[in-house]
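Only one chain comes next, encoded as structure tokens, the form predicted alone.
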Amino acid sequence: MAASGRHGAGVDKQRVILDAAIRVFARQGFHSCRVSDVADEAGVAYGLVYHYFSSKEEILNTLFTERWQLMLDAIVEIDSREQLTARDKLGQVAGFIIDSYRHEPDLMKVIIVEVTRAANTFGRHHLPKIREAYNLIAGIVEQARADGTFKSDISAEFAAMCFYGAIEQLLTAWIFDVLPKSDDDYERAKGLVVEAICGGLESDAVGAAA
């Protein structure tokens, strides 16, 4: 029981450091801050950070891996809902990502600015994991291409990149305060991004019926 208690306390302290890192990375930028800044923000000794993480790079990698896996799991779960149309599935995926930003803007800012758009550093390192999301979205599109709901002359891979790219650009606009970000704006954006992409993907017959 005592060992279990120490383990629990350790996990809690690790979480405190990770949460502090989110705030520091979002506020100062990953490359402009030091491990000591994270320690100060977390209210822990400098050496304790190194007890859990070998470097600030490992902290960022951990933050990305945790959040990205949540998104991958969400896409898989959404795709398993056989009663949903492809449009509905993509709408729920868009909603999950947009709500992730709405509820954890600092974390999503760090992931987008410091990882997925860092082509020569973290983005390249995590490219296989990033492509997993594209592939899962492409799988949803491919099902719709196969049953005639979506046009067959637009590849699933291209459609997936356009879909995710549109959402990422939307989040980037919120990060840099280019677009307003009230609850109504977030909800409206979910519908608009799906309409913009699915409206172009749906076959003429489906579009006419809609």
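In this text, residue numbers run from 1 along the sequence as written. Note that the structure is a prediction, hence the values are computed from the model and not measured.
Same protein, other form: the form predicted in complex with a further copy of the same chain, not shown, and the subject of what follows.
Visitor: Does any heavy atom of residue 154 come within 4.5 Å of a heavy atom of a further copy of the same chain in the predicted bound form?
Guide: Yes, residue 154 sits close enough to a further copy of the same chain in the predicted bound form that at least one of its heavy atoms falls within 4.5 Å.
Visitor: Taking a further copy of the same chain as it sits in the predicted bound form, is residue 102 near enough to touch it, meaning that at least one heavy atom pair lies within 4.5 angstroms?
Guide: No, no contact at 4.5 Å.
Visitor: Taking heavy atoms only, is residue 19 within 4.5 angstroms of a further copy of the same chain in the predicted bound form?
Guide: Because no heavy atom of residue 19 falls inside 4.5 Å of a further copy of the same chain in the predicted bound form, the answer is no.
Visitor: Find out whether any non-hydrogen atom of residue 113 is located within 4.5 angstroms of a further copy of the same chain in the predicted bound form, and reply yes or no.
Guide: Looking in the predicted bound form, residue contacts with a further copy of the same chain include residue 113, since a heavy atom lies within 4.5 Å.
Visitor: Where, within 164-179, is there a heavy atom within 4.5 Å of a further copy of the same chain in the predicted bound form? Residue list please.
Guide: Those in contact are 164, 165, 166, 168, 169, 170, 173, 176, 177, 178, 179.
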